[in-house]
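Each of two forms of one protein chain follows alone as structure tokens, named structure 1 and structure 2.
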Structure 1
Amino acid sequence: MSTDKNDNKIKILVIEDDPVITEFLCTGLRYEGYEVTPRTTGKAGLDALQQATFDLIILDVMLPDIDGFEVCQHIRNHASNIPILMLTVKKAISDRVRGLDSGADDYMTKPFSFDELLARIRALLRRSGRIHESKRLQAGAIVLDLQTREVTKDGKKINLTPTEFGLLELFMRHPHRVFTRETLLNRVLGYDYDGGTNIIDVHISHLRSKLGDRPPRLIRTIYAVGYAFYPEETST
């Protein structure tokens, strides 16, 4: 769970008018332990800021009323130091520059990887002092370095693909939690992936093979549901 130093949930305001993306963001962020407040217009987002305190804002640019650039400038003009991550289909360098000049701390384009989004959120929260996070995850002999994106087992490097790394990081952050194939698909391949969920089984098989994960497994198959990670198990 993502918490601040007072063990309260990190509060994220999502200002996004696309219902599919909003649902994807809210579901994924709440899964990570964040408290999420969604708003679908710039005005509603600004009203929410008047009513509650947030630790981070995810802001779309193409909103139905006030565009995200104006919303961002309005927030900054009121001396707010809340980290703002712009999330938009606008990919031109000029749009990125305008977003950052308007006061955004980071700028991501759609479609996006949820794992990358989470990494950027954690970076912004660390920079603002709202969280203090370890740079490594460890489960027995397996060590995952979040900075170098290297994985080792018993000190020996394991070469993982970005998808395999994303799966392992998700499992190590949430031991014992059961993930459906649909959730894993959305988390590591993105909300816009239109293939079947069987691809997750293929990636899990490759990850197990590289980890030398034999019964009793670290990555357990939960029949008719998905997968869960049990770090107390050992693979020899």
Structure 2
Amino acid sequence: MSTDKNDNKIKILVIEDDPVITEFLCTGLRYEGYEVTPRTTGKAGLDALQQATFDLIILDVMLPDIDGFEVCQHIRNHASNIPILMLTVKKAISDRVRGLDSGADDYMTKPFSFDELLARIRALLRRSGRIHESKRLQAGAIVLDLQTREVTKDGKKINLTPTEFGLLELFMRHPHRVFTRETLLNRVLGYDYDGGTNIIDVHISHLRSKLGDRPPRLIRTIYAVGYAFYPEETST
């Protein structure tokens, strides 16, 4: 990790005492490009807040020392408007209300889906103005509109199936990143898709032909691994 790159990254503080949950949160969030600082107690979390600034806090309600609600109130009392996402096992409405009343911005009950967690994190960051997610992704002549789900190349509309659209979106969001066929399958067709990875090759070849992708390709085959997306450098 290069230090100058870290400055642009969104910083997330995870206050959670369960080591396994902390582990997957850190790993998963880092893969999504966030910088994660894990803390296992409320006190340690508050200390971390004093030392550094964060863009978002993921806070567990059941902490060994201070109650999550109290931590939340403590943060809010110091006039910080940092987005707080609370995690808890309790499903009772009173607990939700209490969580939101104590100053949390959102609330998720365990066991939660990691995809949903990411979606909520993005929503919280957007709302607080920490990221400006554009509604369009652009790579060279290719423009992908996330709202209308339309793809154009040089202004001409290209008709893509939902799977092809999902693949292109994933590639355009993570340029240069190498995805294995397995990962592409899971990300685009869902975790419970029960088929061979060859289907990904079929979808990629369709996508390539629709995009008019000729060597040197935008979507390159990485031998024995998978695929990666290399957008055309429009300038420079």
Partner chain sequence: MRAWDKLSLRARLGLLYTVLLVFSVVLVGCYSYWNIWQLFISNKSSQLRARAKPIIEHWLIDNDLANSDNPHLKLNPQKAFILARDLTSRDTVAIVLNQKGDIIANGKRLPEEPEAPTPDKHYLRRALAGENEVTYRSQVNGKPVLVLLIPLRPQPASPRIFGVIQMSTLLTDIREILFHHGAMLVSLVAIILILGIGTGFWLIGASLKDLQVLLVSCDQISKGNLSQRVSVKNHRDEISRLAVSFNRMIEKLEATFASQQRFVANAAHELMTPLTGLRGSLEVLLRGAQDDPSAMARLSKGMYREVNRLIRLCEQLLGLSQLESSSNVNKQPIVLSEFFNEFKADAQVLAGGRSLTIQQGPCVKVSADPDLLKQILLNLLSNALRYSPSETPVVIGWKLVVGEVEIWVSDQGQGMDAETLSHAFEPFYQGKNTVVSGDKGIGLGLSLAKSMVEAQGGMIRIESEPGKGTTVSFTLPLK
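By convention here, residues take numbers in order along the sequence of structure 1, the first being 1. Each form is matched to the other, and the largest set of C-alpha atoms that superpose within 1.5 Å is called the rigid core. Since we're looking at a predicted model, the values are computed, not measured.
Only structure 1 matches the form predicted alone.
Core-superposed comparison between structures 1 and 2: the C-alpha position of residue 27 differs by less than 2 Å. Positional change of residue 151 between structures 1 and 2 reaches 2 Å or more at the C-alpha, relative to the superposed core. In a rigid-core overlay of the protein, residue 166 has its C-alpha displaced by at least 2 Å between structures 1 and 2. On rigid-core superposition between structures 1 and 2, the C-alpha of residue 176 is found to move 6.2 angstrom.
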